[in-house]
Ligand code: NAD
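There is one chain below, alone, in structure tokens, taken in the form predicted alone.
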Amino acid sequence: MTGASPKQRIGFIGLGNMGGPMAGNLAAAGHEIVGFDLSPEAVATARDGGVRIAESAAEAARDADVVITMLPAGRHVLAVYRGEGGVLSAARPGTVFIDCSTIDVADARAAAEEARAAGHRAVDAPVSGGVIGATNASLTFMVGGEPADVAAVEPVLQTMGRKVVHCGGSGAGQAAKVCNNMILGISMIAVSEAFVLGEALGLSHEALFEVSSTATGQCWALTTNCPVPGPVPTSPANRDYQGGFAVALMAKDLGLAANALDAGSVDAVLGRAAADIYRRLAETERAGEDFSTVINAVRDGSLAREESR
């Protein structure tokens, strides 16, 4: 870290499972946080965390030094940015816009271009680390933008995370995030299949974890977000897969990755397979559960295979 961030007024739009803890960490560091979200539950939690709640996104952006968005998709980011009631017109000239959402690279570039055309500065800064990382301020930020703009926002990002990586120009942060989450989605499926195989072979969860967590199978999906309860007490599996990074969001991210694979003519069998698995899982009642619940889909499929024998 490069030192403490000077105290600023920060508008924070999107106070959900990720945005809420991120905004709370900024408030705890002494920044004046003015937040907005459409969810009453998210608003109530953020208020308890020291966030002052605005009546609209535009109000949150007014008089802010920095405006952070953490929203579900590119269309939401662009809708919040645009129009007479949008944050770009509400903010004072020179405001720094940080989009921490995970969106399409083209949408990220469009958002940055519109922000700059309106007289502001902009970077895309999607995150890795999940709800645990957002809560513990241990996120990794993948940042795209001009070097001077990235340097300007780095102290704010470091308040919410441990690592800030400048990946290139506008959209480069999103490109890195798409690649990273493709690795994560594939890894979680692999870990889940291994645990279900272990169950079939009579191997305890604890034994498999003790071996793999210190052997060549070690990965974040295993050691931090373990898909079975017990070995990692803080993983969502211990809370019936509630909270965490939702299946629907992983399906969205892997869909972005699949689109990028097609656009780049990349031969990525596992990436496309992972996208298909999570797309189908997002169409079930498990869409709101943490993405590690994919282990239950593996179990269901295994049971169906056994019954068909």
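Keep in mind it's a predicted model, so treat the numbers as computed, not measured. Throughout, rigid core stands for the largest set of C-alpha atoms superposing within 1.5 Å between the two forms. Numbering starts at 1 and runs along the sequence shown.
Keep in mind that the form predicted together with the named molecule is missing from the display, and what follows is about it.
Student: Please check if Cys167 has a heavy atom lying within 4.5 Å of any heavy atom of the named molecule in the predicted bound form.
Tutor: No, Cys167 is distant from the partner.
Student: Find out whether any non-hydrogen atom of Val127 is located within 4.5 angstroms of the named molecule in the predicted bound form, and reply yes or no.
Tutor: It does: once the named molecule is placed as it appears in the predicted bound form, Val127 has a heavy atom within 4.5 Å of it.
Student: Look up in the predicted bound form whether Gly217 has a non-hydrogen atom within 4.5 angstroms of the named molecule, and give yes or no.
Tutor: Because no heavy atom of Gly217 falls inside 4.5 Å of the named molecule in the predicted bound form, the answer is no.
Student: I'd like to know if Asn17 sits close to the named molecule in the predicted bound form, meaning any non-hydrogen atom pair within 4.5 angstroms.
Tutor: Contact with the named molecule, yes.
Student: Among the candidate stretches 116-124, 184-192, 207-215, 76-84, which one is within 4.5 Å of the named molecule in the predicted bound form when only heavy atoms are counted?
Tutor: In short, 76-84.
Student: Name the residue from Leu249, Ala58, Val34, Ala258 that puts a heavy atom within 4.5 Å of the named molecule in the predicted bound form.
Tutor: Going through each option in turn, the one that passes is Leu249.
Student: Considering non-hydrogen atoms and a 4.5 Å limit, which listed residue (Pro229, Pro155, Pro72, Gly198) is close to the named molecule in the predicted bound form?
Tutor: Flagged contact: Pro72.
Student: Residue by residue through 173-188, tell me which have a non-hydrogen atom within 4.5 angstroms of the named molecule in the predicted bound form.
Tutor: Just Lys177.
Student: For a quick test of reading the superposition: does Gly243 move by 2 Å or more at the CA between the shown form and the other one, rigid core aligned?
Tutor: Yes; Gly243 is a residue whose C-alpha shifts (by 2 Å or more) between the shown form and the other one when the cores are overlaid.
Student: Using a rigid core superposition, assess whether Leu184 undergoes a CA shift of 2 Å or more between the shown form and the other one.
Tutor: Yes, shifts by 2 Å or more.
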